[in-house]
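A single chain comes next, written as structure tokens; it is the form predicted alone.
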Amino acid sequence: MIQRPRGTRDFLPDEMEKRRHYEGILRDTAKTFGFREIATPIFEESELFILRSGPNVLKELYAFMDKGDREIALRPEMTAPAIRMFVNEMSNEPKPIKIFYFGQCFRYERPQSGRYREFFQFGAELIGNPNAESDAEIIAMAASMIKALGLHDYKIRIGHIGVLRKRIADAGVPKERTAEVLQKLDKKLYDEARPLLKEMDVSDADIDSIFTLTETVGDVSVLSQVEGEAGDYLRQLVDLLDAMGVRDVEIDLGVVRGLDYYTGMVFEAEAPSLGAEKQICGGGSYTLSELFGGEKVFSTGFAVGFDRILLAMEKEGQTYTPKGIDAYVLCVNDDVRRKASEIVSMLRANGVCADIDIMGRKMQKALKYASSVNAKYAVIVGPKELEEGCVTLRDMSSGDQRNVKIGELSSCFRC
């Protein structure tokens, strides 16, 4: 028996219905914020992702040579393809450009709870202007999505990469090695960061000061410790979020995001129910378009780990009940099968979700099957009822039955 590849999953019908339901909530929320959906290829030139994330991405990249000897990679994330598309197709459109996307991504990493080699990502980008209003829109939309999904226990942490970048530069870290240091600090790998900084002749006092800064977390009162433009910017951002109904955010000057292209605000959303691997959403302001051959344009965006947020909802006890079908049409005998096919076609043409017994089951077995597919009603087609132009409509939850004229049948399923 051939098994599915490690780190991938099969989704059965009930699971797919649940996933489509929650995908729909994310899409609908994005549309209420004025964002429009895009789609990009599942594979791109490998260089696109190396330019974005650096050569270290190669160890997790599903890369291969195609038949034209081009180095191709399955996308490990979707920001780079979205900005590549902007440079290629949308750079002359009026700003701001508000886009969102949903799709599969691929990374060769060790599968674990909530992490897979094939995973699903929802994301959004607001392209055009580096201001607090743009960042507030993005954070407010992320918060609205989490709330709309029904997740209760979550926390949004906001920082500013400029604060830590300035502190690192003041301590004497060469600009070309800043990203290397930030990646360690992002993951709180202080035991690895200290010798790295010592190697760059950073003093113990400065190292301790940098580490303390990354641990500076609290409510908006923390902003009194942040001076200069970054502090003013964060205070303006928090005020805008308050006006938009997004309150109780946490200021965390250790939110780094670990990627060199972030330029200002950074944020993360986490669900404590997931334990150590609790991040469900993250993003910030950045510039990428110039890497891909376009003019420098400031953007802000975020990505939701769809699989992880579904897991967090499950751990909170949230359940989804499959909707099933409206009607299941079954026959009393073979003589009425043609008429049953007409009836099910009529129901479908009127927007009723309907199925029909094609297995020739006896009545009790057909009703049992109708129950197993969560049919709300069984439409029983019998010769006696047909003589009067009727069918029997059975409520599958209560067992109540009544005769209904065939011409009036479709209206029985309208709310």
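Quick note: we count residues from 1 along the sequence shown, nothing fancier. Because the structure is predicted, anything quoted here is derived from the model rather than measured.
Keep in mind that the form predicted in complex with histidyl-adenosine monophosphate is not shown, yet the notes after this line are about it.
- Not displayed here, histidyl-adenosine monophosphate is kept clear of F211 by more than 4.5 Å at the level of heavy atoms in the model of the complex.
- Under a 4.5 angstroms non-hydrogen atom cutoff, histidyl-adenosine monophosphate in the model of the complex lacks R84 among its neighbouring residues.
- Using a 4.5 angstroms limit between non-hydrogen atoms, R194 is distant from histidyl-adenosine monophosphate in the model of the complex.
- At least one heavy atom of G305 is located within 4.5 Å of histidyl-adenosine monophosphate in the model of the complex.
- Heavy atoms of every residue among R107, G283 and G301 are located within 4.5 Å of histidyl-adenosine monophosphate in the model of the complex.
- Interface residue among G231, G114, G254, G103, judged by heavy atoms within 4.5 Å of histidyl-adenosine monophosphate in the model of the complex: G114.
- Of the residues given (N88, N129, Q279, Q225), Q279 alone sits with a heavy atom within 4.5 Å of histidyl-adenosine monophosphate in the model of the complex.
- Proximity to histidyl-adenosine monophosphate in the model of the complex, taken as heavy atoms within 4.5 Å, picks out 72-80 from the listed stretches 89-97, 72-80, 212-220, 168-176.
- Residues of 25-53 that come within 4.5 Å of histidyl-adenosine monophosphate in the model of the complex, judged by any heavy atom, do not exist; none qualify.
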